[in-house]
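Below you'll find only one chain, the form predicted on its own, shown as structure tokens.
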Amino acid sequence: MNQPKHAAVVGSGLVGSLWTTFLAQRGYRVDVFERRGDSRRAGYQGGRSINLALSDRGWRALEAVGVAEAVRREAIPMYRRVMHAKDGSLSTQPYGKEGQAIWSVSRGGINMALMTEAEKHPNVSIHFEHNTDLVDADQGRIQWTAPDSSGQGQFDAVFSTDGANSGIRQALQREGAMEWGEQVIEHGYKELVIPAGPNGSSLIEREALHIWPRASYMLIGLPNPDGSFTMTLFFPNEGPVSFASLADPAVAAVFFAEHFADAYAMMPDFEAQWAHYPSSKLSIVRSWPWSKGKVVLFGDATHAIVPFYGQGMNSGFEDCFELNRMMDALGEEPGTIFPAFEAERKPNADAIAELALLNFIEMRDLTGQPEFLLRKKIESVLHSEQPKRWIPLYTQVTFSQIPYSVALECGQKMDRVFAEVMQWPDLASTWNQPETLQKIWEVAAKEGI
């Protein structure tokens, strides 16, 4: 009788925990090595704790291993954006068609749920407080140290899902087996909280993502099950208006009261929050190749992105889904499957990294502008007229399984269409007339849409 294959998963974060369940269901014996303690006992200790937006790509992966319902219990649907102008006025924009939503989940909540689901399999063991080092990628050999022990083992495959600061990736870099680069952007982020109202009520619309766009910076808010909102300020790190210039909580309070007045009014302990929550950097990680021998990296370990499209977790979950699908098609031999996997996923990882940066500009600069809202109205009509011909970029990324690289290319074509269309005189009053829409379709045809 054949022994089950034995895999090591390095990192029990979101992607590692989900991939462990995929492997367990394939019949693997899985040892998971996590450098932190068990967050279910010690409280969540993750690095970044930004609330995350779960969308179709992520749900597909969760459903494939039967854990979607466990996650759904932690999630809140967000059906639309609510934009907060500086004067307090609101405008709204649906995310998709009637009933379509992205889902707010806490990083810690979903991570703990996925770990619990993975551990339901008797062939899974999670080892907490274990620091892991790569010994030999070709042999699949790693070593680990824990507070009271150390050890070494050889595995049929090693899956590195240990985040943007991956120790396995650093080991491959040191031996010249992987090129790696980090692009730190000029903005960082700080989390704040709008507390729940009486009896767990929400002080702003609950089933929506709230945005305070302010040109070079923005504040967003995502709902939590207890009625509170996790607020994230994306802000320049340095300069006259920056985290550096607002280091004093009292100075920050004056700034917030002027630029985010309605949000500030709902944070009675703002100064204490500002002092308590640190500001953190935002960066993009790119690497190549993603594998060597019996070792493969995916998720943030090899393609971390900025959070402005809500796709970091979703792209990592899609890695899991696609690697599992390719194993079904090509087999499980690392020398075959790992190079095929990285070749397919790398262009999509690069594309969503670019799309995420572009969406930051859209969210902070454009969401409150009449021209942007007009374009969205026109695109909605085009999509309803010919839903397979014109699929808005956001819909392609968020509500479909279209490869990110294809979505990026199509989005560039659509941008060129609207670069011409938005120059037409009286567009705001004539856009919905049949002859105007026909002219737009003619411009689209020139772009190959």
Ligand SMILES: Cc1cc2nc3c(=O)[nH]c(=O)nc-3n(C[C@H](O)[C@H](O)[C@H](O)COP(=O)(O)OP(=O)(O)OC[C@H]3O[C@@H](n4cnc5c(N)ncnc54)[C@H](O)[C@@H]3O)c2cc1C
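Residues carry their position along the shown sequence, with the first being 1. Since we're looking at a predicted model, the values are computed, not measured.
What follows is about the form predicted together with the named molecule, which we do not show.
A.B. asks: Among 238 to 246, 267 to 275, 299 to 307, 339 to 347, which stretch has residues whose heavy atoms lie within 4.5 Å of the named molecule in the predicted complex?
C.D. replies: Of the options, only 299 to 307 has residues within 4.5 Å of the partner.
A.B. asks: Tell me, which of Q100, T116, S228, N131 has a heavy atom within 4.5 angstroms of the named molecule in the predicted complex?
C.D. replies: Checking each option against the named molecule in the predicted complex, the one that comes within 4.5 Å is N131.
A.B. asks: Which of G140, G163, P213, P334 has a heavy atom within 4.5 Å of the named molecule in the predicted complex?
C.D. replies: Only one listed residue qualifies here, and that residue is G163.
A.B. asks: Is every one of L14, E34 and L52 within 4.5 Å of the named molecule in the predicted complex, counting heavy atoms?
C.D. replies: Yes: each residue has a heavy atom within 4.5 Å of the partner.
A.B. asks: Is there any non-hydrogen atom of Y189 lying within 4.5 Å of the named molecule in the predicted complex?
C.D. replies: Close contact exists here: in the predicted complex, Y189 approaches the named molecule to within 4.5 Å, heavy atoms only.
A.B. asks: Tell me, yes or no, whether Q311 is in contact with the named molecule in the predicted complex, where a contact means a heavy atom of each within 4.5 Å.
C.D. replies: The answer is yes: Q311 has a heavy atom within 4.5 Å of the named molecule.
A.B. asks: Even though the named molecule is not shown here, does R107 get within 4.5 Å of it in the predicted complex, heavy atoms only?
C.D. replies: Yes, contact at 4.5 Å.
A.B. asks: Test of understanding: in the predicted complex, would V10 fall inside 4.5 Å of the named molecule by heavy atoms?
C.D. replies: V10 belongs to the contact set for the named molecule.
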